[in-house]
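The chain below stands alone, shown as structure tokens; this is the form predicted on its own.
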């Protein structure tokens, strides 16, 4: 089997699996309980928070542990904007569905939404942002690394632009960036940062929203007062601990893994360029993601043809790939429906090998 769908999810690290079992045995008590066992669980969660902040160099922030990054994005956007009945907000045409669809919803309930275009390199047009933002803009949501084409967005430049607009907050979906691409910006200058454990060899079922302590976030769910009521319900100490472990283990390895995966992507691109029928949509700054198309062949058909050879890729975001319509990020990049419907996304890892890449190129050459 050759697995090349690491952008969708990653296998759990063996050390993290072992940690999960241990934490479930030793810290099974409800962290909201006032008894000694409950307080031990609560203390472990506090320690995990501190370790995450220390690893990322973040100060004066808090974190809400969520079920996934989709939930974290929803809490960030809807929670913050629950303080307003209307207003101006900005995002991009290439956001993950868990951001893009929230903005579409807000557009339908009275908010003025602007969607930024991208250039030929998949990056937002900063001039357009400067033109659209104003003193009344409440929120800007821009992902760090695009999950379809691997473009690394200019977050550092966006931070500089927003300095002149103190009322505006910046929300960054960091799912495909953390532990994969070295940040050239300061996490402490972002208002909201969302994360996901299963993208970095941790377990599914745990994500996080890191946010500045001085921000007022309204509730979008109701229940207990756990996690300040932003994510009510009993917390799984094992999942929290495993997310912490994944960040602590893989964040320091970001540069090392990046260089190795970049060498694999270079080999992949070299091979793909020899295939006349394959169109490379973009070679983004993140080597983990390569988006290609074979015009006139549906992306799903390509996926299943490769699957017969036990090679596993995807047609795009796992949250929307079953919708069978042109992929919106490729449409924004190319304005070509044929390329957008024949997309396949190849996503690499430090676990990938040269032979994996060569086998994929060979298999693509045989697809009719």
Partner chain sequence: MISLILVRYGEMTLKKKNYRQFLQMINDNIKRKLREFHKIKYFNTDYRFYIYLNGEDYQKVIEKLNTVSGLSSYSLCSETSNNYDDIAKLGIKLISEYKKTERASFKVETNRADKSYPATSIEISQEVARRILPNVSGLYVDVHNPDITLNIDLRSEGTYLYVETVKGLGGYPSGMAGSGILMMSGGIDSPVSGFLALKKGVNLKALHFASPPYTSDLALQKVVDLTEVLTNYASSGVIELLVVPFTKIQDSIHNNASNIYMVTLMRRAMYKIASLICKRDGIDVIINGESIGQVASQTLESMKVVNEVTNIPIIRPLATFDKEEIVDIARRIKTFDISIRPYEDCCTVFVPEHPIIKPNLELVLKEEAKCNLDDLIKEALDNIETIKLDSVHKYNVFSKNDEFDL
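Quick caveat: nothing in here was measured; it's all calculated off a predicted structure. Residue numbers count along the first chain shown, from 1.
What comes next is about the form predicted together with its partner chain, which does not appear here.
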> Is its partner chain close enough to 267, 272 and 307 in the predicted bound form that each of the three has a heavy atom within 4.5 Å of it?
Replying inline: no
> Though its partner chain is not shown, can you say which of 79, 241, 284, 208 has a heavy atom within 4.5 Å of it in the predicted bound form?
Replying inline: 241
> Any idea which of 48 to 56, 66 to 74, 336 to 344, 308 to 316 reaches within 4.5 Å of its partner chain in the predicted bound form, heavy atoms considered?
Replying inline: 48 to 56
> Can you check whether residue 43 is within 4.5 Å of its partner chain in the predicted bound form, heavy atom basis?
Replying inline: yes
> Would residue 245 show up as a contact with its partner chain in the predicted bound form if we use heavy atoms at 4.5 Å?
Replying inline: yes
> residue 22 near its partner chain in the predicted bound form, any heavy atom under 4.5 Å?
Replying inline: yes
> Taking the shortest heavy atom distance, is residue 300 within 4.5 Å of its partner chain in the predicted bound form?
Replying inline: no
> Going by its partner chain in the predicted bound form, which residues of 1 to 39 come within 4.5 Å of it through any heavy atom?
Replying inline: 19, 22, 23, 26, 27, 36, 39
